[in-house]
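First comes one chain, alone, set out as structure tokens in the form predicted alone.
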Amino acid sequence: MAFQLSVLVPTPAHSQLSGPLSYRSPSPWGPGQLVRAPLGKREVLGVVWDDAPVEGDDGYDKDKIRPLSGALEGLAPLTPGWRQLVSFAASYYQRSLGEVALAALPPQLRDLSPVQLQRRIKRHAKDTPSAAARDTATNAPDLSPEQQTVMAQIRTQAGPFLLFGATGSGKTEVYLRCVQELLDADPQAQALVMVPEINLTPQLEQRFTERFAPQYGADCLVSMHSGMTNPQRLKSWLAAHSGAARIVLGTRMAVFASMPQLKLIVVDEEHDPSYKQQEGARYSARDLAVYRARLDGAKVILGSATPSLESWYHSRPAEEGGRYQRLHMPSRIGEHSALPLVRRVDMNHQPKHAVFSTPLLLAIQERVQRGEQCMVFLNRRGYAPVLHCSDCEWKSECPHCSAFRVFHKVDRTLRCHHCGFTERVPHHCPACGNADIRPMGRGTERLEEHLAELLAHTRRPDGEPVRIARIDADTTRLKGALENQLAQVHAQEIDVLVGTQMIAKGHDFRHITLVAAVNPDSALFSSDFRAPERLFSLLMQAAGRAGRDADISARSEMWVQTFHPTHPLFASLKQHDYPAFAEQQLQEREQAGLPPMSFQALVRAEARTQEVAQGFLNLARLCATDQAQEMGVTVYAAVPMSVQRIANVERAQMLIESASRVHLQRFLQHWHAVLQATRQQPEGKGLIRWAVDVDPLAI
């Protein structure tokens, strides 16, 4: 007796094999069972998908339907909720089912044979100790009145919740208490806690371990992020899938973790763009977390001091159409805690080409001499964004991208941050031979060097010279480098910390009293309508690193050097008034018909020439004009992307917009076949790839 099973395998995104394939099996494996299946000349991991296997040898051709290679026995099937989450993500974000489902599983699971997997499962069971006799004492601090009010609302309401709390207001403690109450109430329940970036995982993991390891054991908590090795990711996945891990901490990939008893989801810093995947299936982990909570009957908490405008809009009163419940924690923890004073420095009144204003430099020197720490924020790494020749106007353009190569002085290289192309800095201008080629602009590396010159005669209270450190993607490339540098900051071995957005959010620096943003103006007049939102969020988060200890909060400050000090964004920042900023931005977006009042998607095309990329998109647009009009969808003409060439590949994009999410989705599903057919036309010849990005963050 044989059975015909529908199995998902990792098929290409836009192939004709986007759904489940049929295979023969001697056993009627149920839906969610992981199996090994032949695909072409390879053997791949697959997931049994349909509910009803077809019994018997009739009704199909044995020669055309290949047999399964085996099943990964010993693993419980993936739950219906997990499969429904994958189905929704594939449909909504316009990707194939197999691509999303198999990408959500740990890479090593795809390579293990059934025998190898059985060994791993036995080893995992052997390494998991019993939780019978463990210390149940916890060292949880007392909750503030605001935290108590929020906890009471979370207990009694269904959510989803938007926890709008100032930096330092104790949002993490609320997360810890919610997880604690869940685990105490249900011995099987699991919680998922998500952070936007890998570098925020270690400190959160430490806090959760200190709180829960004494009672539930260190094995009750696992991490999931792309910085882990494949064996580590598999071990964490097995622990979560089996229910042994009660808490999963992870980045956006963790939203697809197999957690059969999931009852609570926390999305910390929910506004962060890192929750949006930018390759493959371009999903929003924040939005999928809300959807998954609804599927699993779990509560979901979105937390931020500067919520995304979409979440803020959804948390308006229910009578106005709001879907989230907004929870407020406007005060910092501590009787005398206060948010930092925001000072605006008008750079129009400072000497030309000055990097640091005189008042800011004096303030930094004063802090260092008192033994306090300062943080200088500039969201641009490298020494200088461009090298140029003043004689012939040559600039350090990348030969493979429509971008400039960044000058890195530490290793004397010109490095493209898009394609990675690197060359040694030339001794003279490649165009005219002039030996006087100079850097234009500043990055964190140059800022660190300049600060060292300006503070050369400044001394710490112990008489030692000032100690400056830089944290960005260049200094944290080696494994463990970030943790070591952060440990130095926490131990007060660093006086002035220079860095990019890596240091501006999520870190609990207890001794920083001054934060400075030296060049924030570039985003004020960007063509991207989301640029002001990102800038305000980044500056608010950076300001939140100052004065987190109640003893020093009264003298904490945020300095903003700008040529536009009267801009409304800086006025709201000075008052720490996110609601006013959000209201102003939402009014502008409503007038312009932009998200969240409308819904968008981008179709991107890549080819060897810009003409082919745009020609493909414009032909597909022409073929769908009537359908778009019927559905109330606007399809704009194709344009080059902001960085239109990367690694010698030309890139173009086309914007699709609608006032209805349902109409936009229906149009995209119809248009998928049109795009497939258009690629077969002469205009599609030379096209490398195309992809749909639903709810894009950058246009």
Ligand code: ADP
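In case it trips you up, residue 1 is the first one in the sequence shown, and so on. Here the structure is a predicted model, which means the values were calculated and not measured.
We do not show the form predicted in complex with the ligand, though everything after this point is about it.
Peer 1: Of 612-620, 450-458, 161-169, 111-119, which is the one stretch near the ligand in the predicted complex, taking non-hydrogen atoms within 4.5 angstroms as near?
Peer 2: The contacting stretch is 161-169.
Peer 1: Answer yes or no: in the predicted complex, does the ligand come within 4.5 Å of a heavy atom in every one of L143, Q147 and E173?
Peer 2: The answer is yes: all three residues contact the partner (heavy atom, 4.5 Å cut-off).
Peer 1: Quick check on this chain: which one of A293, I333, A189, L97 has a heavy atom within 4.5 Å of the ligand in the predicted complex?
Peer 2: Only one listed residue qualifies here, and that residue is I333.
Peer 1: Identify, from the list H567, R510, H418, K574, the residue with a heavy atom within 4.5 Å of the ligand in the predicted complex.
Peer 2: For this set of options, the contacting one is R510.
Peer 1: Does any part of H490 reach within 4.5 Å of the ligand in the predicted complex? Heavy atoms only, please.
Peer 2: Looking in the predicted complex, residue contacts with the ligand do not include H490, since no heavy atom lies within 4.5 Å.
Peer 1: Please check if R207 has a heavy atom lying within 4.5 Å of any heavy atom of the ligand in the predicted complex.
Peer 2: So R207 counts as contacting the ligand.
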